[in-house]
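Coming up is one lone chain in structure tokens, specifically the form predicted on its own.
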């Protein structure tokens, strides 16, 4: 490895947010596949880098950084956070602390509750996610900025995942959210999105009309 940054990733995982940011900013980086098909995220080698056993991790000159929002903030500096900065930080932490964890609960309900209560949790989580996407549609003015930002890197993959993963895929209809849909179309046509798609086998309309990935290596699940 020759670059100062190394991204530990799995296809179509939260590491996609970080890959998009690295490509957009133009920072050279190496990648190390974390093979989820064999629970690579729980292997001793990976746990030595990220003791939480979650993806992604970005190894930097400051040491390993994990938590997607923290990595994006570390990469963004002042150049890729929309103004005003206070509003941008508010939305970054909302994406990190509210939307992302709720999506994870939707994808992996068995990690949060016993089998008998999974259906009830999933129903409640679906309703909460619908409220959150409506909140974004109504209040996130930065969706219309058409400028690459740490917020865009974080949100675009989550729009994709809402459409593809979880116990009931048919619930999410991007057409209900015109601002989100236009944002998704704009972002998927950026060169960074095309390059990320080639690297992870994500297809063409990766955010506005996503398809399941066909990665050249590794597994999304």
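Everything numeric in this text was worked out from a predicted model, so none of it was measured. Numbering follows the first chain given and starts at 1.
One more form of this protein exists, namely the form predicted together with a small molecule; it is left out here, but the text below deals with it.
Chemist: Please determine whether residue 190 contacts the small molecule in the predicted complex, using a 4.5 Å cut-off between heavy atoms.
Modeler: Residue 190 lies outside the contact set for the small molecule.
Chemist: Decide whether residue 206 counts as a contact residue for the small molecule in the predicted complex under a heavy atom distance cut-off of 4.5 Å.
Modeler: Because no heavy atom of residue 206 falls inside 4.5 Å of the small molecule in the predicted complex, the answer is no.
Chemist: Given that the small molecule is not shown alongside this chain, does residue 183 nevertheless sit within 4.5 Å of it in the predicted complex, heavy atom to heavy atom?
Modeler: Residue 183: no contact with the small molecule in the predicted complex.
Chemist: Can you check whether residue 176 is within 4.5 Å of the small molecule in the predicted complex, heavy atom basis?
Modeler: No - in the predicted complex, heavy atoms of residue 176 and the small molecule never come within 4.5 Å of each other.
Chemist: State yes only if every one of 7, 19 and 200 has a non-hydrogen atom within 4.5 Å of the small molecule in the predicted complex; otherwise state no.
Modeler: Not a single listed residue reaches the small molecule in the predicted complex, so no.
Chemist: Using a 4.5 Å cut on heavy atoms, which of 33, 49, 164, 54 is close to the small molecule in the predicted complex?
Modeler: Looking at the other structure, the residue within range turns out to be 54.
Chemist: So which stretch, 79-87, 97-105, 122-130, 136-144, is the one near the small molecule in the predicted complex (non-hydrogen atoms, 4.5 Å)?
Modeler: Heavy-atom contact with the partner occurs in 97-105.
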